[in-house]
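In the block that follows, a single chain appears as structure tokens, in the form predicted on its own.
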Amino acid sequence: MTSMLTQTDKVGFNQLGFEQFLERRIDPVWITELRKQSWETFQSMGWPDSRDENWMRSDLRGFKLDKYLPINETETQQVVGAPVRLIEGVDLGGSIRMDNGLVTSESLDPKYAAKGVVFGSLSRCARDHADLVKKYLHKQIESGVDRFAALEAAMWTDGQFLYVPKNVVIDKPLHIECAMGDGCTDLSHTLIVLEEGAEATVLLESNSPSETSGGCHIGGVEMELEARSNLRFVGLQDWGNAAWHFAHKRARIGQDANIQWTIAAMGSRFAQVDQQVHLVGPGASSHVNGVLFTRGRQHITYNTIQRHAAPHCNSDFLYKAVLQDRSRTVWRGMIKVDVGADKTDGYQRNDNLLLSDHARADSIPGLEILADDVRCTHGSTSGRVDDELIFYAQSRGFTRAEAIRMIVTGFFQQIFDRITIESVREALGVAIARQVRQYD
């Protein structure tokens, strides 16, 4: 797709480009002011470098923002060929389609709308439901975190907003598809709010029209779970292997609320994700499942924080990565326990399986505990695929490629067992099998 790249007379992500961007927008005044403040922050900051702990293992020298153009809202076209994986055979309660950071279609089952559920374009909802959006938008991700967060806060084009009122249960999954054309940009934001006792399941997948597609995605995810709410959130990142992917993701969990968060990262040339779960109410619970699969010269970094700010909370993070060729993963996990957060139960683990002598996995778990009477554990493992297992399978008639696929599937089985959504388990299994290179 080339239509988004024909803006030859337009400037990029600079002062004139920002001014033209604001002129095209139809935003409430409060959003415009937030954009201007964030743009000032963006201009005042430099790009992250090796002096920043979160970035010291990441090489940004190949990233050039001036290669990409801000999307023009008047030139929206559908990205053709982007695959959808998570919803085969699933009866949906609503869906949103985004193309290059702009919503192109949205729907919600009328029975949920009648109960006060809001699900649709973030830009539209910021106008139609201004009080709700203003209360939560960019309250967890501050623009001063780094230059990527500042740019996203200043020039996000659209996104998705889900609001579920008190005690309303959405018993069908909601699906979000974010497609990015080759060489295009996507600056989008996801905002999810569940009031007390509400429940929902959200399936979000990001994809490109082909494995070789490029582009630049800079995004944010904010999730607010109030007391006794329950959210199942799945994110599948499958950008083309020439794409750059930067994201900040936050969840704030209230008293006795629960989030089950599944992440699968398989695409992009380079990906850096900052993920945090903030347990702010007594009895809050979070379970995070992470699947990373890299090949070629891919580099994927996940910096995760489980922050316990209240007593009697539980957090469980499990990340597993399989690496091929000359790819690299970095996982830096931290459990933080604030003063007074007694009876904390925190767990984090990262396991890595290397299918090549040239692949590299960096695993850095950590603890910062400022309370007594807590149970916090962490661990990590890294190792090569067992040649004896491959030989055993081959002696039973399997090819080497089939043997490796079985070993990889078995490696991820612990993750699959923790996922409660059947369609997600099946889609991830198929995607992982597709990723394993042929070794015959």
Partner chain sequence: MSHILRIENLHVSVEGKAILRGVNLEMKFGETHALMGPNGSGKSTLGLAIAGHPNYEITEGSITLDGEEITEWEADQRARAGIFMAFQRPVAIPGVKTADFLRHATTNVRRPDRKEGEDLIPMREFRKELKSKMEQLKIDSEFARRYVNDGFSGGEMKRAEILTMAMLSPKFSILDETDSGLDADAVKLASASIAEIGRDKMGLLIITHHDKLLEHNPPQFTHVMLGGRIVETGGSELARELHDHGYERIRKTYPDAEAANQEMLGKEEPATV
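Residue numbers count along the first chain shown, from 1. Keep in mind it's a predicted model, so treat the numbers as computed, not measured.
Here the subject shifts to the form predicted in complex with the partner chain, a form of this protein not shown in this document.
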Answer key, the partner chain contact in the predicted complex at 4.5 Å (heavy atoms) among 376, 371, 45, 406: the residue is 406
By the heavy atom within 4.5 Å rule, which residue out of 32, 381, 413, 50 makes contact with the partner chain in the predicted complex?
413
Contact with the partner chain in the predicted complex for residue 40, defined as at least one heavy atom pair within 4.5 Å: yes or no?
no
Although the partner isn't part of this model, could you tell me whether residue 396 comes within 4.5 Å of the partner chain in the predicted complex, counting any heavy atom of the residue?
yes
With the partner left out of view, is residue 26 within 4.5 angstroms of the partner chain in the predicted complex by any non-hydrogen atom?
no
Should residue 388 be classed as touching the partner chain in the predicted complex when contacts are defined as heavy atoms within 4.5 Å?
yes
In terms of non-hydrogen atoms within 4.5 angstroms, which of the given stretches 32-40, 50-58, 63-71, 397-405 touches the partner chain in the predicted complex?
397-405
